[in-house]
Ligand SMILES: Nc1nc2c(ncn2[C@@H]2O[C@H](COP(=O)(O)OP(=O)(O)OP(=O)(O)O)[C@@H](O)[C@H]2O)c(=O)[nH]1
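Only one chain is included here, represented as C-alpha cells and corresponding to the form predicted on its own.
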C-alpha cells in the first residue's frame, strides 16, 4: 500500500539530508518534489494545494532552516499535516443499548466491496458482543442476495431477504420490524449499487434514509479508484449526509489518493479500512498510523493489536517460557511461523514494521509466502528428534527430508544453518519489549537473515547486487555473536536445571 507515494516522499525529503546548510531555495525545491509525489498518487488538486500551503508556511522560516536537523523538522511537519488532513476520526458506531435496535446503512457503487464489507462489519460487531442482522436490500443484483446469505452462514449471522419483493424500502422496513424476533440488536442494510451514480439510485437511497432513519450511514469506496472515489463520495454525501466512509482494497496497489483526499473534500471521516479478502480484514482507521505508513515509519501498534487478536495467547505464553529458559527448537520455530501467517502476507507484515523498507524492496518478485510454506514443509518432513536437535541431520537424513518436502538437499542444509543463528537471537528476545524486539529483527535483516532457502541472495547475485567484503565480514561477525550468545544461554539453562 502506498509504495509509490512512500518512494516519492522519501526521495523528496532525502534531498534535504546531508546538506551543511539549507536555504529557502533548497527547501522550496524539496517541497516541489513533495507536491509532485502527491499529485502522482492521485491526490485531489485542491487537497494538494491546501496541504502544501500548510507545510510551506511552517517549513520555510528561520526556526526550521537554522535548526540543528532541518530535514527531521520537515518530516515532522509533513507527518503532522498528514494527520490533520485525514483526521480526526470518531470510531464509535453510536450503537443504542442492547434492548433497542440500531440501524446501520451501507451504500456504494457496484464493485466497491459493499456486500463483503457488510459481512466484515457484522463479524466485528459479533466479536464485540452484539447480535447483527444482515439485510439483503440490493434487489438490482440477484447475486448480491446469495452472496450475503453465504457470508451470513460463514460468520454465523442471520440474513433477512425477500426474493419476491421488488421494493427495497419495504424489505428494510420488514427487516427492522423482525429484528427483535430473531434476537438482533443491530441491523445492517446492504443497499443497491450501480456502476455509476444516477438519479434513480439516489432517489432509492434517499427513500430508505427517510423511511428507516438509520442511526449511521456509511459509504463503501474502492480505495484503488483514486480520484473517482473522491468524486463518488462527494455525490453520495450531498444526497445522504454520510456519517463515515469505509475504504476497501487498500491491500492492493492503491496509490493513496482517496485516503488523503476524502476527508478534506467531503468533510466525512474515514471510519474503517478493508485490508484483505478475509472477513476479519476490517480495521479502524487511525490517521496517525496511516501517516506513519505513508512516511515509511511502519505501523507497529496495528501489528501488535492484530497479533493480540489473532495469535493463540496461551501458546505464546508457553513459547515465551521456553525461550526464557534458553530453549528454541525447530518445532517452536514452526509454531511461530504458523502464528505469523494469521497476520496476512509477509509483504503486509514487513510494510508495518519500521526500518523494513529495504528488505521489502529486496523481496520484490520473490514469493515470500511460498517460501514460508516451503520452510514449513521442510520442518514437517523431520522427525521429532531432528526438530529437537538439528545436529542429528546428516547427509542421509538431509536427503530423506528433502524428498519428503519436495526441495533440494542444500535447502534443508540452509535452513539448519540459519536456524542455528536464529535460535540464539530468539532466546535472547525473551522478556524484551516490542521496541527492542523490532530493533533485533532489523539487525537480523541487515545481517542477511530471513532468507528462506537462499532464494533472495541468489536473486540479488543474478542482478549484480553482490555483498561487499565489508558486508560479508559484518554478516560473519553477527552470526558468530549470535552463536556465542546461544551457547551462553544454553549453558545457563543447563546450570539452572542442575540447581
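Residue numbers count along the first chain shown, from 1. As the structure is a prediction and not an experimental result, all values here were calculated from the model.
Just so you know, the form predicted in complex with the ligand exists too; it's not on screen, but the next bit is about it.
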Of the listed stretches (405-413, 164-172, 228-236, 272-280), which one has a non-hydrogen atom within 4.5 Å of the ligand in the predicted complex?
272-280
Only one of 424, 287, 152, 113 has a non-hydrogen atom within 4.5 angstroms of the ligand in the predicted complex; which is it?
113
None of 326, 296, 193, 214 but one has a heavy atom within 4.5 Å of the ligand in the predicted complex; the exception is 193
Please run the contact check for residue 248 against the ligand in the predicted complex: heavy atoms, 4.5 angstroms, yes or no?
yes
Do residue 86 and the ligand share at least one heavy atom pair within 4.5 Å in the predicted complex?
no
Any chance residue 418 has a heavy atom within 4.5 Å of the ligand in the predicted complex?
no
Residue-level question: is residue 318 within 4.5 Å of the ligand in the predicted complex, judged on heavy atoms?
no
Pick out the residues of 119-145 whose heavy atoms come within 4.5 Å of the ligand in the predicted complex.
120, 138, 141
